[in-house]
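As structure tokens, one chain now follows by itself in the form predicted alone.
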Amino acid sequence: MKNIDRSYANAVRRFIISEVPTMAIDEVVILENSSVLYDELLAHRLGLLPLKTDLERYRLPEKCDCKNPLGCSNCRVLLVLDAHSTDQVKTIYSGDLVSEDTEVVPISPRIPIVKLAPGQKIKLEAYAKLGKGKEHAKWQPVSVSVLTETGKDDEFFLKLESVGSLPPFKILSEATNILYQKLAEVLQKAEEFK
């Protein structure tokens, strides 16, 4: 980043972590769970699965026209898990989740969720929605967002590592757009105050 004040560069870095929305499982309805994991632990694990995100297609729940606390097809996605083990221990992976939207799926089908012993079963419905990292870490689009100096004035290195929900350039682009919108709102309020 060149020709930029450190405060603005750091604002972009912080917005990458806290303001760029991504999709994550937020509510889980467990219909059957005879595994060794408590329902709450299973729901927590599902919430931390990074999901591919389409920011053009989905809206944040608070900005959706439906105003429905349960959501609609514009602000939430249903993923279903129906797995059981018959005669041997079976590992259930993220790829076993079936999404109603083939574009909103875990970033990898090989993320382990739970091991089922013979005769154990899990059946659940998981609802994913857009959220922001400032609400919960499961909605952070990056695992790393670091700003370092280059030794020159007004020049910085911004290192970010995507968790896979969004490409790095999209994350940076969204963060700068959000910062621009917030600055425009501040200027508008200042004009109104005059």
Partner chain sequence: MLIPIRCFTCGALIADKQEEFDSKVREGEDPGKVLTSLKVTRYCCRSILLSSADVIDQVLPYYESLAERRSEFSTE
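Computed from a prediction, not measured in an experiment: that's the story for all the values here. Positions refer to the first chain, counted from 1.
Separately, the form predicted in complex with the partner chain exists; it is not shown, and the next lines address it.
Mapping the unseen interface onto this chain, residue 115 counts among the residues with a heavy atom inside 4.5 Å of the partner chain in the predicted bound form.
Although the partner is absent here, residue 108 is a contact residue: one of its heavy atoms lies within 4.5 angstroms of the partner chain in the predicted bound form. Though the partner is left out of this view, residue 147 does not reach within 4.5 Å of the partner chain in the predicted bound form, counting heavy atoms only.
With a 4.5 Å cutoff on heavy atoms, residue 68 does not count as touching the partner chain in the predicted bound form; it lies far away.
With the partner removed from view, the residue among 163, 28, 158, 55 that has a non-hydrogen atom within 4.5 Å of the partner chain in the predicted bound form turns out to be 163.
Only one of 149 to 157, 42 to 50, 126 to 134, 60 to 68 lies within 4.5 Å of the partner chain in the predicted bound form by heavy atoms, and it is 42 to 50.
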